[in-house]
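Below you'll find only one chain, the form predicted on its own, shown as structure tokens.
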Amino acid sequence: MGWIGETVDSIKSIKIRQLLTQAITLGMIVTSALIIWKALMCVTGTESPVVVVLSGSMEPGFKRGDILFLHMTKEPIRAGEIVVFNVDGRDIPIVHRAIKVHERENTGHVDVLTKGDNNDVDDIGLYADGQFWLHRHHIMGRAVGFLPYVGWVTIIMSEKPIIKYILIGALGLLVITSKD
């Protein structure tokens, strides 16, 4: 009959109680993942404790597909640190190095100018119109560690959505047809 026929028969033989148990188990897994994410947000002090490098602008230090771990403290950003920031009007965070820091004498606030290690010019062209510096609220965190290449899974699933849907469908079938 084949694998597909066995899968269809398996789905037909599912009882309501078994389906509810599997749905609750799946809900508990999703809830646990969300709790872990929120706990990481609290520990690291950033809204996004993990980000994926999406371009080659930070090569050779970080390559496309590397995962960065972020941390944010009250200490001011210093030149040379790698920061992840959001720019007004853009949804995707950017990973670049702080190349200049301007500390305001009257308030003590720090303004930051960034540049990708592999780029020829600074990031003023990426900032919002009329903006020449990043402010504290733009910066999501400092890079404190990384895992090479692991983020390719995220990149592939965003660039080729069909793979994401196939993976979700396969995992759904696995959950539905499991007998435990």
Partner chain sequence: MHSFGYRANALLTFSVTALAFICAIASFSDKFSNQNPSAEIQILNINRLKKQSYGNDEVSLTLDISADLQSLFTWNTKQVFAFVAAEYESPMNSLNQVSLWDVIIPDKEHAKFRIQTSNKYRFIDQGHNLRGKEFNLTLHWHVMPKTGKMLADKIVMPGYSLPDAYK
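Residue numbers count along the first chain shown, from 1. Predicted model, so just to flag it, every value in this text is computed and none were measured.
Not pictured, yet referred to below: the form predicted in complex with its partner chain.
For its partner chain in the predicted bound form, the listed stretch (141-149, 46-54, 123-131, 32-40) containing residues with heavy atoms inside 4.5 Å is 141-149.
The shortest heavy atom separation between residue 88 and its partner chain in the predicted bound form exceeds 4.5 Å. Taking non-hydrogen atoms only, residue 61 approaches its partner chain to within 4.5 angstroms in the predicted bound form.
Interface residue remark: residue 75 is not counted as part of the site for its partner chain in the predicted bound form, having no heavy atom within 4.5 Å. When contacts are judged by a 4.5 Å heavy atom cut-off, residue 79 counts as touching its partner chain in the predicted bound form.
For the stretch 88-117, the set of residues having any non-hydrogen atom within 4.5 angstroms of its partner chain in the predicted bound form comprises 97, 99, 100, 101, 102, 103, 104, 105, 111, 115, 117, in sequence order.
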